[in-house]
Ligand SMILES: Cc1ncc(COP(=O)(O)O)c(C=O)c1O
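A lone chain, given as structure tokens: the form predicted alone.
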């Protein structure tokens, strides 16, 4: 276990100013990580391979096992990031390692079909309600683009409706009105481009609507429905607040899409295989036309899927859409996915009950801290994910409600828990896995308890 070390004054990490204010100082127990970031910034923009790894206190890792990460300074952390979601089975699960090792001895790439592709697609069709056909890709962002292309070609329409605050990857044109831009209450919402390209116009073929408001999407489709190829959403908005849709909302959007001839796309990059074997569509009982899966598919290896009905996939089956990619369904990723899905199938539903119990235990412990310390700490929980928020409006229904929360105190707490051996993303979205024990969960709660005490002491 890492030694408890309070953040100390020292060299300020220039990467992050929390809440637009004062950046946190680097902590003294990660000198090796700090040195690594100095080295990385000389050759990598901001020293980061992905923007999602940005934090005030740098941590560079050497290894991972079960629910734990080990950094270059020898500190051990209970991992609440889990590679931003893919490690549903924990770090280096035995079944997956054995499957990937066996595939390594047979070959890395073939440049042609291999038996694992069909076997994996068959497993997905068996487990995911909307899946009759499966298209392979590598990342969620890529798969979103493939799904949009398929939807446009199948419907012979152009417009895409997305929802305010929902995140569908970093690729244009859907990288608009994502977390980080101001929320808007009216429908349709003005487009806000989030990728910092000065002077670049907003896309004209994307329309944004407030989420969880059936009247808003009804009115929007009544005006432009005949032009809409697809309506895309996170059925559980893990990227903006982690809460369930209102009763009847998904069913209502499903009916409206059918009425106007638009396809309904569920972005299950986070929820897929994590909240249920069949994803959010199984958990919530609403079946889309197309869905995107990524983080929960291959236990940490890069693999993404677009799945859908034969009707929705028509343009990819015998139409104009030709889907390509050198690394699509690479043998190692497919081997990992087969092992991971087989693990989940064999242990379902007990494994999902275990994950939900762990998430509930964590959320309850964190909520109790808010009461004990007299602070507006909210812990939203769906399954094995918990989102920490500071003073939002409750109950939360959409991005506008979540945007009332102050991100700075959450980011500060998620940096401070490093001192007690907990690794958490500054955004406050905490991922658990099948490898987390009840003791691990209690350790996380204790770390946040200590962080709140230190925050209060620092404030005087």
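Residue numbers count along the first chain shown, from 1. Please read these numbers as outputs of a predicted model, since none were measured by experiment.
Quick note: we don't show the form predicted together with the named molecule, though the next part is all about it.
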query: Partner contact for residue 306 in the model of the complex: the named molecule, 4.5 angstroms, heavy atom; finding: no
query: 4.5 Å heavy atom contact, residue 239 and the named molecule in the model of the complex; finding: yes
query: Residue contact check: residue 279 to the named molecule in the model of the complex, 4.5 Å heavy atom; finding: no
query: is_contact(residue 270, the named molecule) in the model of the complex, heavy atom dist at most 4.5 Å; finding: yes
query: Single option in 246, 287, 139, 145 placed near the named molecule in the model of the complex, where near means a heavy atom within 4.5 Å; finding: 139
query: Proximity to the named molecule in the model of the complex, single hit among 169, 252, 129, 370 (heavy atom within 4.5 Å); finding: 169
query: Per-stretch contact check against the named molecule in the model of the complex, the hit in 334-342, 94-102, 376-384, 161-169 (non-hydrogen atom, 4.5 angstroms); finding: 161-169
